[in-house]
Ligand SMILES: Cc1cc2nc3c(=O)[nH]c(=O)nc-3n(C[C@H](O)[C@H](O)[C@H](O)COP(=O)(O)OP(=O)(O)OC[C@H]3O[C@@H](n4cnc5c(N)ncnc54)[C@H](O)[C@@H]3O)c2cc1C
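First, one chain by itself: the form predicted on its own, in structure tokens.
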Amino acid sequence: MQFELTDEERAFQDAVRRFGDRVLRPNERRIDGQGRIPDEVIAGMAELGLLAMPVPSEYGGMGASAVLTELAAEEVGRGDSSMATAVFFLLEAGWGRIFARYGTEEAKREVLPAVCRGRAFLGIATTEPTGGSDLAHLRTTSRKSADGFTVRGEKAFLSGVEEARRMGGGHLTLTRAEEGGFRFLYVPTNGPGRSTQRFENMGRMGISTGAITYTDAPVPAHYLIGADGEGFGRAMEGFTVARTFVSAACVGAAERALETGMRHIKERTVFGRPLGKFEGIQFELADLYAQLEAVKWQCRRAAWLIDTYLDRGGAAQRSEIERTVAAVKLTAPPLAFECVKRVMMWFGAAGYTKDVGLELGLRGVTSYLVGAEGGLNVMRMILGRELLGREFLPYK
């Protein structure tokens, strides 16, 4: 693995950071307050090539590597600490990659250019009202019809339900095929047999969370993702990639919190000296920084492994990818939460106000503690499976 970034990677990272400073930071409170990402922000992301970055150029993307996308995810998480823009970004990136790899040629040419231009939304629909992590027992079904498939069931706690309704687009939807196995389908949100509901979250207010009910919803045959009956594997591959980008966004949010905290403890004087001279604060900063550096480089390694082995590696390499990704998803969100929380405490009463802005990050990263893209205990189960063997799975 090459630790030094190429000139191109460094230049792109700098460009995304400038975009974050110039566009995302000034708009993050607006994004949180009005409950949506402004159209001009999405247009700016599209112009920079940030939307669905891994999609090949013939479908409107830039064919970006996982490493380059991971770098961008860090900067988007740093720019909008509410995590709303990061969620939008990583959904398009992670699931755009899966669509581009396994979608039909007709579907890719129909859907992906609009996603890359910011004129359609692309998300993931696996979680159901009865649970999110036990995907092998999901209840939403699909059956073959004369001209495609018919979907029946309900998906819940999905990101981008209203965005897909407003902008156009839809979700890659995991279903149980009535004929056997699992089927992965791109299901547009606007169409017959669909109804949506919005949930009110505590954070990342700029992107909607909700449910979609499918009542014999028709889906064209060319919206099948991957081989019929093998949808579970395609969905799991997508989560492996998306979890890497989630972790990178958490790293970016944590770095911004520490930078905010360092400025404060250099300037704030208590008992006649700067806060930063007190060992209780200084040692806490050192511990958080050391942990964050370790997680950041493990996240970078996860992206490198995806680029190097996901498509062509053997069982050993795939196990290494699963272990590495699960480890960073297990550690990055809690560490980001801890960084934001500790810096809020350095600020004292001011840290609890919206003026400082840290509460945006605290509310945002909490979503990745409680389950988005896989709960922390699910990551522990994956690690246990890969370290001890599948015979040690608790539900076997």
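Fair warning: this is a prediction, and the values are worked out from it, not measured in the lab. A residue's number is simply how far along the shown sequence it sits, counting from 1.
Omitted here: the form predicted in complex with this ligand. The next part is about that form.
- In the model of the complex, none of the heavy atoms of T213 sits within 4.5 Å of a heavy atom of this ligand.
- In the model of the complex, at least one heavy atom of G374 sits within 4.5 Å of a heavy atom of this ligand.
- In the model of the complex, this ligand stays beyond 4.5 Å of every heavy atom belonging to A235.
- Shown alone here, S367 lies within 4.5 Å of this ligand in the model of the complex, counting heavy atoms only.
- Relative to this ligand in the model of the complex, residues P38, T85 and L358 are all farther than 4.5 Å at every heavy atom.
- With the partner removed from view, the residue among Q291, T209, T308, Q298 that has a non-hydrogen atom within 4.5 Å of this ligand in the model of the complex turns out to be T209.
- The single contact residue among Y102, W304, F182, F157, judged by any heavy atom lying within 4.5 Å of this ligand in the model of the complex, is F157.
- Of the candidate stretches 244 to 252, 102 to 110, 118 to 126, 215 to 223, only 118 to 126 has residues whose heavy atoms lie within 4.5 Å of this ligand in the model of the complex.
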